[in-house]
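One protein chain, two forms: both are listed below as structure tokens, the first as structure 1 and the second as structure 2.
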Structure 1
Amino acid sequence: MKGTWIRWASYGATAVALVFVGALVGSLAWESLPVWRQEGLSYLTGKTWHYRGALFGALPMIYGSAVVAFIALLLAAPLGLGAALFSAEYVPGRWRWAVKVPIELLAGVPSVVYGLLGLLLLRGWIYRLLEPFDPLSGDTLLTGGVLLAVMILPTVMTLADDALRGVGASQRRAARGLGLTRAESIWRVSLPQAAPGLAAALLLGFGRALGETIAVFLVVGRQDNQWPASVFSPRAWLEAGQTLTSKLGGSETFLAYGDPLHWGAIVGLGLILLILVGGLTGVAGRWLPQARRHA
């Protein structure tokens, strides 16, 4: 009887959570209907955002979000995976806290503090670094990406460490017994077994970077309609830009409330962001159980 009640309580809690998620998505979709009716798919593919002219194209902001998240992952992935390998494979158990805890404490720092540190330290450093390219300021997509790399490092490192620790010790001992060195056993046993969990760690870190608001808002420059001549050119990374979150966190959100079309365009950005982050989280959530089964 007790097990039945627990099962039904878990079903009920899951149903309530799903209802809230569905209501959130439905509410955002309903509020954004005016802009979808006017712009159609050009809302996603348009490159011009000018609310006074009733032109709403979200593509430069989607691009900006993707760029800062990609830069963050590009920097945080080797550091986070390297720290996880060191913690899981080389450090004795009683000393793991000396590596893992300080990195995990970074997750507890408020994002506004990261943003202020970015304003005080990182922005000037990036400007001096980019002086040969004659930047207008240190407020660039690169600055936002570097700042986000520090913020997602605990996510990547912690989840990667858990994935590596999930590999059975018996498999490591069997590899060593066959004559493999520690490095070879890591390369041939630990990494393949933990690969789904490592991929999930990177995806969740990428999603965390996509959803960050205040820190990016303070250092990215918030320049609308920044679309590069080539999406594969890193030159645009050295210029100011706009992301989905920096637009949503700005004053235009308050200005839009009285205009149904403008408000729909702003809410539509939130819907796009929710779908992107939710999709990445869903894919990562499918890989984590696979990692546990392999372990």
Structure 2
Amino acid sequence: MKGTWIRWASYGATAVALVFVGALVGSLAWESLPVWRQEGLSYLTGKTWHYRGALFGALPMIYGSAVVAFIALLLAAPLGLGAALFSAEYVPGRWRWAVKVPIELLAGVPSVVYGLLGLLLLRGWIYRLLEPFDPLSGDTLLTGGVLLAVMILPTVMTLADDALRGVGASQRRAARGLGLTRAESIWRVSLPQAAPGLAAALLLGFGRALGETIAVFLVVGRQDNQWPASVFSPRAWLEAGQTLTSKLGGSETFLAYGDPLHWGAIVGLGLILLILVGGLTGVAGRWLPQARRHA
């Protein structure tokens, strides 16, 4: 009797959760329909966002999101991989916690606290340090990127550490037994074997940076229609910008509410973000479970 009951409750709970997940994806797609109808593909490629003129081009925000996430990865990847190598390859088992626990706690710091630190400290530092390069103000894409780097560091490090630990101890011992130095055994054995897991760690870090809202919102400057002379020029990193998430978290979300086209354009940004992050997570997921199976 009890068994059937639990079984049905279990089916029910799963169904409820699945319905919510479906509703999340479905509502973003459905509510953004008006903008896709009106703008078509130019919603993705347009460089002008001017809601009073009913012009909705999301490209500058896609650019902004990509740049801050890229800067974050550029800084967090070498640091996170180095720290992961240290905890996985150099630190004896018992002492690993001394590195792991603080990093795990770092992952738990709420994004609004990072935002606060960014707003009250990092902005000023960036503004002063980079003065020779004439940044617009303390609110720049670079500020957002640096802040995100700290935020994704635990993700990158923890996942990379997992991947490296997945490499069999016997292979490592064999490599050392053949007279390879620690560095050589890392280079020849650990890194190649852990490569998929390491790549997944970087991709997931990038995805997390793309989706982060509150901290970025507070320091990125929220400048619409910012399009650099050259997409790859780091000079543009010292200007203010707008990301998909800083737009979504801003006042326009409430303003747009009730005007189908404008609302569709705002929700559409959410859909773009979902597709970008979902894609990254999906690709990373192909590598990750494999790496974890050995863990």
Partner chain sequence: MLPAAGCRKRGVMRKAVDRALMLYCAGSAALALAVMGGILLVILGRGLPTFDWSFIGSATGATLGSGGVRYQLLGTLVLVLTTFVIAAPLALGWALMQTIYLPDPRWRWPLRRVLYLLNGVPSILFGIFGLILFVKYLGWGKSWLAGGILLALMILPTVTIAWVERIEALPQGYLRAAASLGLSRGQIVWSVIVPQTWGGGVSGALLGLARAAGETAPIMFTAAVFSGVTLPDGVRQSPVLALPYHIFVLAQDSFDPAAGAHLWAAAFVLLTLVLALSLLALPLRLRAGEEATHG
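If you superpose the two forms and keep the largest set of C-alpha atoms that fall within 1.5 Å, you have the rigid core. Everything quoted here is computed from the prediction, not taken from an experiment. Numbering runs along the sequence of structure 1, starting at 1.
Structure 1 is taken from the form predicted alone, while structure 2 is not. Once the rigid core is overlaid between structure 1 and structure 2, I275 does not reach a Cα shift of 2 Å, moving by less than that. Taking the core as the fixed frame between structure 1 and structure 2, we note the C-alpha of A17 moving 5.7 angstrom.
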